[in-house]
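Here's a solo chain for you in structure tokens, the form predicted on its own.
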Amino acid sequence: MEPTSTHHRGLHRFAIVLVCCVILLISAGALVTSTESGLSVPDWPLSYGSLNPPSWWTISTVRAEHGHRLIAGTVATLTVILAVWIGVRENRRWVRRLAYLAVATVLSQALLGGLTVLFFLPTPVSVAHASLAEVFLCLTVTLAVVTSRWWRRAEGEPATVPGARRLFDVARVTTGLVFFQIFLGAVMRHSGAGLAIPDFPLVFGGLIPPAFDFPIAIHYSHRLGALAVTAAVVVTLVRALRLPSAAAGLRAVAVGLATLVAIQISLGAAVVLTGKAVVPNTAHVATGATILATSLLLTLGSWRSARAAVPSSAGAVRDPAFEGTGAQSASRATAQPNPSGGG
């Protein structure tokens, strides 16, 4: 049975719920690291030999680690449900493949999480686990966006918003910088370099460390990355505010992105000044994930708004986003007749 091509509100809302759960999962993982609870449950995939050890919630470190596992299991289940739902209801082949990739990613993420426990938190595996979580977040955000009514309507009636292409050009760079900054942060956290530079906003009382080793270098790189991300977000915001009133949604997302970055800088300062207190440390990671999701949302939205229909040689309107679906055939069927031909 061929999947239908209409918009499904329930599927889209389910995808949004999944995105929220993924951010919650990343936050729970940050709590595990912040409280140094990664080995509080020493076995995997079971927890103390069972699926749900008795009174696990009474010990704070076990509560953090086992709670993280329960949320991870829930997210994996929701991802499989979404992929099956998309496989049945979605007519765009690339969207179905994206959903299946999300399932493969969350399963790989679970495996990496298990390896971090079984091999006693090796830094490369822990960093890979944290980084893949952000890739998975990007996949779920994309699925939530492309299943929205707005995206489907934009596919059916391609139109170019003035200035959207320029916004897309800077937004995609910003998203890349945010992802790399999160990667640097993961290396810093899991290598124990979070307090390698103990003061803020200065660096050992100056602007450049007087000496470098790996912890200082990665911490300093993370601070420089924060400056790069902030500059990119400012440029992105300026581009978005220049859009016409018809693109008010994109402008609002850009303002939200800039607001989140301002909060994130404050949280980063609090992490250092409080000696990596649990609350600001965990919130810093959670806000970073939210910034990545917001930046990707802006990137996808500006790309879709900048996308114009491309006339084909047959006179039909061709949109590459339709390729691999029945939409291209429908477009050809509705193409205007050749003026030189018969009626």
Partner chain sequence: MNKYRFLTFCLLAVSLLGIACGGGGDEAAAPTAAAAPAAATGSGAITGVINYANGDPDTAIGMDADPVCVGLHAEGAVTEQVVGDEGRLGNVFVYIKSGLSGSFPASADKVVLDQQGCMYNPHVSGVQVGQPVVIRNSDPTLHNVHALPTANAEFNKGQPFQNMEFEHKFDTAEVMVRFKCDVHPWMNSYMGVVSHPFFAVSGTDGSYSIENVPAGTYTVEAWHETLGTQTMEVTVADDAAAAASFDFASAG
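Numbering follows the first chain given and starts at 1. A quick note: this is a predicted structure, and the numbers were derived from the prediction, not measured.
As for the form predicted together with the partner chain, it is not shown, yet the points below apply to it.
Per the 4.5 Å heavy atom criterion, the partner chain in the model of the complex is contacted by stretch 113-121, the sole one of 220-228, 235-243, 162-170, 113-121. Proximity of Gly275 to the partner chain in the model of the complex: non-hydrogen atoms within 4.5 Å are absent; the residue sits far from the partner. For the chain shown alone, Leu39 is a contact residue for the partner chain in the model of the complex, at least one non-hydrogen atom being within 4.5 angstroms. Under a 4.5 angstroms non-hydrogen atom cutoff, the partner chain in the model of the complex lacks Ser27 among its neighbouring residues. At the 4.5 Å threshold, heavy atoms of Val62 reach the partner chain in the model of the complex.
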